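Take a look at this single chain in structure tokens; it is the form predicted alone.
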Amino acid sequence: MKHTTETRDDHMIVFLDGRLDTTQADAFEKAMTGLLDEGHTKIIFDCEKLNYISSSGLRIFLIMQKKMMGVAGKFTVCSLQPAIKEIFDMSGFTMIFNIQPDLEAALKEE
């Protein structure tokens, strides 16, 4: 999986591309922890190009949510592909995360 970041206004956007599974989970978690260490308190995961997520990947989403709550930050997930959204629905994650249909909606929401 590849990820890139972009800053818009006061949001850090993380664009996920490919498969987030066990082989990439540790490196991705370290990169995301780095964003928190830099002081970013509004983070959006844009999942438009994410086509697979394993339980290791889901764990990173949970870690981010928990850490953002600890700093009164805002963590948003957007642009879930239907297969990924189904995984979120089945696991109950749609009740845990702020999920928006696309990046523009995620940026507008406060």
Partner chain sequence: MQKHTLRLENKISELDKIRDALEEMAATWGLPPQVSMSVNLALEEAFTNIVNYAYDDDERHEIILHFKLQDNELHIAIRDDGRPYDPTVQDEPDIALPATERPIGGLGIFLIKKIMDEVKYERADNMNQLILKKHIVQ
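Numbering follows the first chain given and starts at 1. This is a predicted model, so every value here is computed, not measured.
Here the subject shifts to the form predicted together with the partner chain, a form of this protein not shown in this document.
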- Message: Taking any heavy atom pair closer than or equal to 4.5 Å as contact, tell me whether Arg19 reaches the partner chain in the model of the complex.
- Response: yes
- Query: Can any non-hydrogen atom of Asp10 be found within 4.5 angstroms of the partner chain in the model of the complex?
  - Reply: no
- Message: Contact with the partner chain in the model of the complex for Phe15, defined as at least one heavy atom pair within 4.5 Å: yes or no?
- Response: no
- Can Ala83 be called a contact residue for the partner chain in the model of the complex at 4.5 Å between heavy atoms? yes
- Task: Assess the spot marked by Leu35, His40 and Val71: is the partner chain within 4.5 Å of a heavy atom from every one of these residues in the model of the complex?
- Result: no
- Item | Partner contacts for 51-71, taking the partner chain in the model of the complex and a 4.5 Å heavy atom cut-off | Asn51, Tyr52, Ile53, Ser54, Ser55, Ser56, Leu58, Arg59, Leu62, Ile63, Gln65, Lys66, Met69
